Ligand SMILES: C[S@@+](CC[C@H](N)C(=O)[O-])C[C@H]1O[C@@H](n2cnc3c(N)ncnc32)[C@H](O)[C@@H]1O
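Only one chain is included here, represented as structure tokens and corresponding to the form predicted alone.
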């Protein structure tokens, strides 16, 4: 058996997915303004998962400037569906709206402003795919609401589960019969931070 490649972090940086100039502008803006974003690697992972699962109805919790939402909206559009994205800050939501428009995906995006849990309780669903990226201490509280609005065998991706505030969520979803999940701790070049965890979970019948 051959050994591992040397300097794996440097090695895998060369495989960061290519993206268009507008997305690169959003990355630079996020860096300058200290806005945490998922970066091109995790964003492309979301796109691939949404396309692979043929997700027509996609829910995002935590819009920020719309970076991850652009990838999700493109996947939704190619699947013949829509993205519903929820953001607490009206200022951020307006920035995201403009960015969705510039990216050419606004026609398949519904932006909702307010508390994520309160909004979820008004949604009918079911959603095929959910991306969770709000304040981590709220993950565990919102988990039952997510199960209620998701299609059974729908896919949930939760970001930043390497954060301390996600600990209760990590234990809750790992011990729940409603979900089949994997928690991955990984090097994610371009992500904020680059060493973090992702939870990928399947809603059970």
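Since this is a predicted model, take the numbers as computed values, not measurements. Positions refer to the first chain, counted from 1.
This protein has a second form, the form predicted together with the named molecule, left out of what is shown; the following refers to that one.
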Problem set entry | the named molecule in the model of the complex: contacting segment from 48-56, 173-181, 150-158, 134-142, heavy atom within 4.5 Å | 134-142
Exercise. Though the named molecule is not shown, can you say which of 121, 107, 78, 115 has a heavy atom within 4.5 Å of it in the model of the complex?
Worked result: 115
For this session: Answer with yes or no whether residue 169 is in contact with the named molecule in the model of the complex, where contact means some heavy atom within 4.5 Å.
Result: no
Exercise. Given that the partner is absent here, does residue 87 sit within 4.5 Å of the named molecule in the model of the complex, heavy atoms only?
Worked result: yes
Exercise. Using 4.5 Å between non-hydrogen atoms, is residue 92 touching the named molecule in the model of the complex?
Worked result: yes
Exercise. Is there a non-hydrogen atom of residue 38 within 4.5 angstroms of a non-hydrogen atom of the named molecule in the model of the complex?
Worked result: yes
Exercise. Going by heavy atoms, what in 56-78 lies within 4.5 angstroms of the named molecule in the model of the complex?
Worked result: 60, 62, 63, 64, 67, 68
